[in-house]
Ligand code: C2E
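Below you'll find only one chain, the form predicted alone, shown as structure tokens.
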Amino acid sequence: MDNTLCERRMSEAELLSSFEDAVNYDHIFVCYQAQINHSTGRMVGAEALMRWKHPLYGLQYPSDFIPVLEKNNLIYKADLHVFDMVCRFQKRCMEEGIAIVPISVNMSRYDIYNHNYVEEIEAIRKKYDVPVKYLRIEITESSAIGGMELVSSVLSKLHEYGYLVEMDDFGSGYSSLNILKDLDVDIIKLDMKFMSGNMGGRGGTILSSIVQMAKWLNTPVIAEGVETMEIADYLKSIGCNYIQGYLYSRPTPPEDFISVIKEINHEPLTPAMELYNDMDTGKFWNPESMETLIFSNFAGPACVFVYSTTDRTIEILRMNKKYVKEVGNGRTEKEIIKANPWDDHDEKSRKDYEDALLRAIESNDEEVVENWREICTKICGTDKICIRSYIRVIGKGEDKYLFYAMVQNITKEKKMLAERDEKELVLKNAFEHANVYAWEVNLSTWDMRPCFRCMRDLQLPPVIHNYPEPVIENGLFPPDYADMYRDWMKQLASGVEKLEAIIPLTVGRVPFHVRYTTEFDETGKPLKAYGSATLVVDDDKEK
């Protein structure tokens, strides 16, 4: 039905004189406008819109009759009439087996300030026995201005009865953020007049920020007044999938709306982001909460970011000062958040990190990944750092996952290991050329760790417990030298600094020059003994 068809605009006096008949004979009636998920094409709900059709003068503009009803304290009775009609409609759907979608009903500021509106609508709902999950209450942003405490108490009462509350026309007022901060609303409805004429620029940035902010409040967003596919696609690109407007459906009378319900599949309205493990969203983002205190001051270097499995993007949302110090490499927090995190990764590094993210999504547990990143700053130039990340999924919304990551800059550790490996390679080659075998013995545990040549040539394991008994038993030390060698171990454990002798080793009794030196702690207690065996070369044979 086109609500622009008005045969004659009624005067205020005519509207007032016709009001009782309008309520009693349903001249004031309801049209329904569907709310659609633009990503799936499914219906998530609808809004009940008040309309007035006079028997003689036809449809009247809501902008004409609603101010008159408000001015004369009649809007309350009209609102209750609308709520009654919505409950009747839902009851009919239940009885006729028609799929039911939640319907939003407006609550004006006059309902809040002058009457017991909540108790009245609850009585109507019970009369028709409609489950509360199929009814939502809309308040306008302007309703809260000047009466925050009263509105807050009304919202609490609605929540006690189980109603979801929508904030209508969000963005049209002057105190949007304050109202959103103080009122516990369940759904935000964006006023698309905010975007009239220009979808980009500052307006687009602000709109995108509102959508992102609503995600972290765990609050779905519905954009109303969407008339073109261009605007709907833009809203989808910034994360707002739920739309209401002429693009999908004009306000339609009950019979026509039933046809719409039967033609379109339905799905529930879901929060944009749901935190896992019973995390309290409000506390998580509240700067004064204990969770934030721990994150900022007591946790190690950490950040919170979003990963999209669809477009494979990462967006860092929050980080503590330790994170900036650990991985910033001279960058400020602002510079880190502004940059594309993938710019620091080469192809292999990115693949390793994304594989870890997918493992964390699959396992719902902590995953660890190490990767090198190339950081480029004006001050420090370009530098490569290696980061060890402990990552865990803490929230999910559609194709996006919220991650908590604790990080360690292990660049020095990696470089030290690389240097050690290089030195070990040099030492390994030297041992090969000099025919030297080496090992160390822990003098408190009697664990022996052999060098690579011992393991390769003598088939020794990486650790030998209860040394030296196992090597005596396998014949590495001949029986006639066993007691002497046991005595050496006792001397080393008692603090002897050096021992050496030529000992025949292996079953072939090959002579080796065996040497030991002892390492002591700061109190003089022997810690380890370092042994080596060098093949004794017969000079005459060499010649």
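Quantities reported herein were computed from a predicted structural model and do not represent experimental measurements. Note that residue numbering follows the sequence shown and begins at 1.
Keep in mind that the form predicted together with the ligand is missing from the display, and what follows is about it.
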Taking the shortest heavy atom distance, is P251 within 4.5 Å of the ligand in the model of the complex?
-> yes
Taking the shortest heavy atom distance, is G225 within 4.5 Å of the ligand in the model of the complex?
-> yes
In the model of the complex, does I75 have a heavy atom within 4.5 Å of the ligand?
-> yes
Partner proximity in the model of the complex: V151 to the ligand, non-hydrogen atom cutoff 4.5 Å | no
If we take heavy atoms and a 4.5 Å cut-off, which stretch out of 447 to 455, 408 to 416, 107 to 115, 349 to 357 is in contact with the ligand in the model of the complex?
-> 107 to 115
Could you work out which of D344, E166, D79, E367 is the residue within 4.5 angstroms of the ligand in the model of the complex, going by heavy atoms?
-> D79
Heavy atom within 4.5 Å of the ligand in the model of the complex - residue from M489, V496, L49, V68 | L49
